[in-house]
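Next up, C-alpha cells for two forms of one chain, structure 1 and then structure 2.
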Structure 1
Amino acid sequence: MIFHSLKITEGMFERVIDLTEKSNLIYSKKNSTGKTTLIRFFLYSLAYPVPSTKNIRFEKCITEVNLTCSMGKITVLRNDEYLEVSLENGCKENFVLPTDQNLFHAKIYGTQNNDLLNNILGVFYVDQEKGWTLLNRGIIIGKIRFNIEQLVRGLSDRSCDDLTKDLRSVKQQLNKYKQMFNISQYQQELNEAENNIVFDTKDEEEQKLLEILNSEITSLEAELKRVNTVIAENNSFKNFIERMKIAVKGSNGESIPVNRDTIIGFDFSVEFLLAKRKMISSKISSLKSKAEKYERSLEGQLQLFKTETLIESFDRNISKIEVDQLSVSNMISSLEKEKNRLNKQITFLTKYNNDVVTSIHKTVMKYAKELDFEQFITPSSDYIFTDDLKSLSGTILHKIVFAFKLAYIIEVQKKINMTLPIILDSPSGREITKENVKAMIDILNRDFSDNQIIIASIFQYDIDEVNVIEIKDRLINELRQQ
C-alpha cells in the first residue's frame, strides 16, 4: 500500500502533502510543529479512529488521500463519519463510520480476516510516545489495540472465535460477580455501621408477616368452605332419614319417629360444626384486621420513603438485596479458573506448532544480531509472546520493538500479498544514539526498499532518495496561510 498524496482541508484552508513511493521524512527543526498531527492525519484518512492532537480537531477537517491498495489506485475522502472511495474507473463506494470501518479495511487490505484487520495498524505504525515500548500487546493509539496472539492467529488462519466468545462471556460474568461482591461488601459496611437498625427494614418484616397472615387467611377460608360442605352433607343425610319416615320401638313399646330430635348425637354434630364455623370465621376476621393494620403501616412507610435522602434510599435498597458473599466469592474464583483455562487453551491453539511464530522469531533474531541485542532474545520461538519487558533498558526495548515490527510486516505482507507502508513517529527517542538510528535506517534502506517509508522527526536521516516534507511553523498555521 502506498500513499501518493494527502489533502487536508479545514474550513477555508487546505494543504496538500505529496509523497513519494519510497522514503518520506516529515521534518521540522523543532518540536511541536505538527509532525505528529500530520502522521495521524494519514491514519485518520484511512478511517482509523485516532484522537485529535492539541492543534487540530480531526472531525472538523476533510481529508482526501490518494493511495494504491488492493482496490487499486483510489481516492478516499473522509468527512467526519462519512467515507467516499473513488475508484480508478470512476465508480464510487460509500462507507459510514464506525459501522463500516472493518468493511472498508477489508477492501483496502484485501483480506476478510478480522484477527489480521484488527491488528494491522500496530504492524506498520509506531506512535511517538507509547509506540516504541509497544512490543506485542497494548494500545497502539486511542482505543486501537494490538495483540500478538490475535495477529498470529490471523496470520496462520487459526480462528478461536468460539473460545474467544466463551472467554468474553466469562469475563462479563466475572465482572458482574465482582460488582456483586462489591455490593456485598457495601452491605457489610452498612451492617457494621452503628445505625444499621435504620436499614433493618421494618417494612420487609411487616411484608413477611403480612404474607404469612394472608396465607393463614387463605387456608382458613378453605377450611371454612370445607366445614360448610360437611354441614350441608349432614343436613341432607338427616333429610334423607326423615323422608323415609322410619319409626322405632321404645323400651315401653311406644313408637318413636326417627328424626333430628331423636337421632342420638345428631345435635352434637350440628352444634359442633356451627361452633367450629363460628370460630374459623372469627379467626379469619381477626387475622384480616391484623393484615389491614400491616397494609396500612406499609402504605404509611411508602409515604415516608419519599422524604428520605437519595443515599438513605440507596442504602435501604442495597441492604434489601440478598447477596451471599461466600457463594459470590466462590463463583468468582471458579470463573477465574475458567478464564485461565480458556486463556490457556487459546494460547495453546495459537502457539502450538505454528510456522508463523517460528518465522517471526527468526526475523527478530536476524535483526537482533544486526542491531546487537541478540543476548536479550531467548532462542525459543515462544519469546515473541514475552511479557517481560521490565528488564529491558529503553534503548534495547526501542531496538527490539523495531525488529518485531519489521518481522510483523514481513509476515503480514506474505499473507496479504501487498507491501505495507512503514510509518514511524519520532524514531529517535531520548536514549537512542545516532549509530543505532543509522543502523535502523540502513536496514530499512536495504531490506524494505519496496515499502513506502514515512518518518516524522526533528532529525535528518541518511535515507535513500528521501522526500523531505518540511513543516516550518506549525502544521495548522501553514494550513491557514494557503
Structure 2
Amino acid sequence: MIFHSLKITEGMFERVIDLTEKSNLIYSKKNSTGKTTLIRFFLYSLAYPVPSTKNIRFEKCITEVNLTCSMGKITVLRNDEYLEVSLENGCKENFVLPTDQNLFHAKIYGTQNNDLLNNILGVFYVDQEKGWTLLNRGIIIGKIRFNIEQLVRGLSDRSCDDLTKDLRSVKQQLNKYKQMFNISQYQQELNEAENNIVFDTKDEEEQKLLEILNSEITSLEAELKRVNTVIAENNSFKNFIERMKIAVKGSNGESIPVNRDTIIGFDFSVEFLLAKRKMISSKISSLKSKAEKYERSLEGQLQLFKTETLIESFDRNISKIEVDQLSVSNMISSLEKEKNRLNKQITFLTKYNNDVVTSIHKTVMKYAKELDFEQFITPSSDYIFTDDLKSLSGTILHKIVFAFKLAYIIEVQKKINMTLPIILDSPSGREITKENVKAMIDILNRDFSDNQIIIASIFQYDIDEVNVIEIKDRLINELRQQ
C-alpha cells in the first residue's frame, strides 16, 4: 500500500500533502505544530476511528486520499461517517462507518481474514504516545487494540472463533457472578457490623397488614350501611301501618288495631338489627384503631428514609437482595475452570507447531543482534508472546518494539502479498540515543526499501531519498479556492 497524496479540508481552509513512494519525513522545528495530527489524518482517511487532536475535530474535516492498494489506484473521500471510493475505471463504491469498516478494509488490504484485519494497523503504525511501549498486545490508538495471538492465528489460518466466542461468554458470566459474590460479602459485613442493618421488610409487612385492615373496614362499613337501611325501612313500615289505622277481627269478633305492639316479633327483629349494628360499629372502630397504628408506623419509617444518607439507603436496598454465597462461589469456581480450559485450548491451537511463530521469533532475533539487545530475548520462539515488559528499560523496550513491528510487517506482507507502509510517530524517544535511531533507520533503508516510510519528528534523519514535509505554523493553512 502506498499513499500518494492527502487533501484535508476544514471549513474555508485546506491543505494537500504529496508523498513519494519511498521515504517521507513530516518535520517541524518545534513540537505541537500538527505532525501527529497529520499522521492521524492518514489513518482517519482509511476509515479508522482515531481520536481527534487538540484544536482539530476530525469529524468536521473532509479528507481525500489517493493511494495504491489491492483495489488498484483509488481515491477515498471521507466525510464523517460517509466513505466514497473512486476506482481507476471510474466506478464508485460507497461505505457507511462504522458498519462497513471491515468490509472496506477487506477490500484495500485484499483479505477477508478478520484476525488479520483487526490487528493490521498495529503492525505498521507506531503511535507517539503508546506505540513505543506496545509490544504484542494492548491499545494501538483510541479504542483500537492489537493482540499477537489473534494476529498469529490470522497469519496461520488457525481460526478459533467458536472457542473465543465461548471464552467471551464465560468471562461475561464470571464477571457477573463475581459481582454477585461481592454483594454477598458486603451483606455479610453489614450483618456483622455493630449497628446492624435491619434486614427484614417491616415496612412492607406493615403496609400489607394495613391494606388487609382497610379492606375489612370497607366491607364492614358496607354491611353497616345495609343494616342501617333495613332499620330505617322497618321504622318507615311501622309508621305507615299506624297511619293506615288498619285493624283485624279477633276470634271473638273484636277489632284489633295493627301496630308494633300487635305485630308478633316486630320488636325482636328491630332489637336484633340494632344489636348487629352495634357489633359492626364496634368492630370497625377496633380495626380503624389498628390501622391508625400502622399508618403512624409507616409515616415514621417514611420520615426515616427521607433523612437517611445515600449509603444507608444503598445498604438497606442491598440487604433485601437474596444471594446464596455458597452457590455463587461454586459457580465461580466452575467458570474459572472452564475459562482456563478454553484458554489452554486456544493457546495450544495458536502456538503448537506453528511456523509463523518460529518465523517471527527468528526475525526478532536477527534485529536483536544488530541492535544489540540479543541478551534480552530468550531462544524459545514462545518469547514473542511474553508479557514480561517490566524488566525492560526504556531504550531496550523501544528497540524490541521496533524489531517486533518489522517482524510483523514481514509476515503480514507474505500473507497478503502486498507491501505495507511503515508509519512511525516520533521514533526518537526520550531515552533513545542518536546512534540507536541511526541503526534503526539503517535497517529501514536496507531491508524495507520497497516500503513507503512515513516518519513524524522534530529531528532530521539520514533516510534515503527522503521527501520532507515541513509544517511551519499550522497544519491546515491554505485558503480554499472556490
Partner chain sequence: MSRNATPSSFGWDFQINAAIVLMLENIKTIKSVRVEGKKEDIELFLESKKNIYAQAKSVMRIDDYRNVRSNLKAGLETLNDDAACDDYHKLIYVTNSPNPFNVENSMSAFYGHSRLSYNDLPQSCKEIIDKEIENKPLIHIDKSELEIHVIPFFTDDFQQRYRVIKDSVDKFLFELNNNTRGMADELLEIWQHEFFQNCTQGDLDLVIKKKDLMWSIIVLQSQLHPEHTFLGDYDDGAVEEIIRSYRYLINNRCEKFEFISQVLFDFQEFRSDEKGNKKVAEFIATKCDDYKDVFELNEIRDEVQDIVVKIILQKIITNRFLANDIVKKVNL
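The structure displayed is predicted, hence computed values, not measured ones. Here, a residue number simply tells you its place in the sequence of structure 1, counted from 1. For clarity, a rigid core is taken as the largest C-alpha set superposing within 1.5 Å between two forms.
Each structure shows the same chain on its own, and structure 1 is the form predicted together with its partner chain. After superposing the rigid core, the Cα of K390 is displaced by less than 2 Å between structure 1 and structure 2. Relative to the superposed core, D166 undergoes a Cα shift smaller than 2 Å between structure 1 and structure 2. Once the rigid core is overlaid between structure 1 and structure 2, Y352 does not reach a Cα shift of 2 Å, moving by less than that.
Once the two forms are overlaid on the core, Q185 shows a Cα shift of 4.0 Å between structure 1 and structure 2.
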